[in-house]
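Heads up, the chain below is alone and in the form predicted on its own; it's given as structure tokens.
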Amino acid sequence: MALFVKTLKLYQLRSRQKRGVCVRWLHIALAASLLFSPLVYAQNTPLISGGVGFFTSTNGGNTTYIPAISPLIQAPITKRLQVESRAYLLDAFFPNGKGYDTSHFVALTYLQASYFANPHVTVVGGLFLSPFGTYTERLSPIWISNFQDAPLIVPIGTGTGAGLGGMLRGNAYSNGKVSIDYTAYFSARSANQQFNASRSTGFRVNAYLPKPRLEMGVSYGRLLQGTNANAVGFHVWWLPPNTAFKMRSEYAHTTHVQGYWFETDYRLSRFGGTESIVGRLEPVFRMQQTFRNAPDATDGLSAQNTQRADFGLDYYLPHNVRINTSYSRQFSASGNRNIWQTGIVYRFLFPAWRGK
């Protein structure tokens, strides 16, 4: 949700003709994945997953309404090869002073083929999510993210949010005490609306300690066009064993700006279990700041130092339905503001057809 809301601002003036091209690209990509896989390896059934949601955001007294769907398909071609893709389709109804205008947005988030060479190497090609930090790859789907808005520092190191090229990833070393995995990528430059990417390269290395359930990682990215900027990031995730508490955090730095975010949530399942009325509640909190070192209109962040506190309360209903509510207070030299957001999301998952 956060990524397509951010991208929506860039596409609100898109013509009907261009939207038609987007829809055709999406249909071609998804149809190819569905039709090709059964011919090659029919016993592996493709899975169709994703989320359907309805969201509202009130900023300065103006409320925007966003119905959205984000389908995902995972189609095995052989035992070692699979195709995976995710898309966003939404309509936004936003106030114009006299009523409401509408804006449509249809785009592929990623479309990639993965070849599992061995337990230590997976080769990925196509349009892939930028492997810088953790948010874009792990927390951006609407059925996972606790908040509608992405953290302020997400553009650092991720650029357009996706790369077009190749990626190597896998487990470098593991034993009972630690597991180390890596990701390295190269992206070509593309101005295509459905495959928009910057020329860049980078890597990420994670170390996971299974006993305390603690993960630490470092990311590096280099933009190979324009200013050739470097970006460095660090993240820490901690999910203590035998508790519903979670803590996630990131720090990122690039040429003219740096910042951090940390997020905590706690499912109240200890009060009667996860199916009880209280046990379905999950309070969430996120704190974030950005620090501007010098002006830069290309990095996607605010021109002013910004700090923001997000308070949320999620409620898990039966049948994979979740209600999200949040209040945010943002402080910056350009003006302080309150942001109220609500949403309801349904997560779906089913096979494309009956497997053998």
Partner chain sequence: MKIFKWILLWQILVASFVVLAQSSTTSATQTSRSQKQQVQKQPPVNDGERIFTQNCSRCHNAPDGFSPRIAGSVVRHMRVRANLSEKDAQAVLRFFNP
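Positions refer to the first chain, counted from 1. The structure presented is a predicted model; accordingly, all values stated were derived computationally and were not measured.
Here the subject shifts to the form predicted in complex with its partner chain, a form of this protein not shown in this document.
Asks: Does the 4.5 Å heavy atom contact test between residue 99 and its partner chain in the predicted bound form come out positive?
Replies: Residue-level check for residue 99: no, no contact with its partner chain.
Asks: Against its partner chain in the predicted bound form, would residue 307 count as a contact residue? Criterion: heavy atoms within 4.5 Å.
Replies: Although its partner chain is absent here, residue 307 would touch it in the predicted bound form, with heavy atoms inside 4.5 Å.
Asks: Give a yes/no on whether residue 51 approaches its partner chain to within 4.5 Å in the predicted bound form, heavy atoms considered.
Replies: Residue-level check for residue 51: no, no contact with its partner chain.
Asks: Quick check on residue 127: any heavy atom within 4.5 Å of its partner chain in the predicted bound form?
Replies: Looking in the predicted bound form, residue contacts with its partner chain do not include residue 127, since no heavy atom lies within 4.5 Å.
Asks: Please tell me which of 110, 251, 105, 185 lies within 4.5 Å of its partner chain in the predicted bound form, judged by heavy atoms.
Replies: Of the candidates 110, 251, 105, 185, 110 is the one lying within 4.5 Å of its partner chain in the predicted bound form.
Asks: Taking its partner chain in the predicted bound form as the reference, which of 143, 94, 203, 147 has a non-hydrogen atom within 4.5 Å?
Replies: It is 143.
Asks: For a quick test of understanding: in the predicted bound form, does each of 66, 296 and 340 have a heavy atom within 4.5 Å of its partner chain?
Replies: No, the candidate spot makes no contact with its partner chain.
Asks: For 92-123: residues with a non-hydrogen atom within 4.5 angstroms of its partner chain in the predicted bound form?
Replies: Sequence-ordered list: 110, 112, 114, 116, 118, 119, 122.
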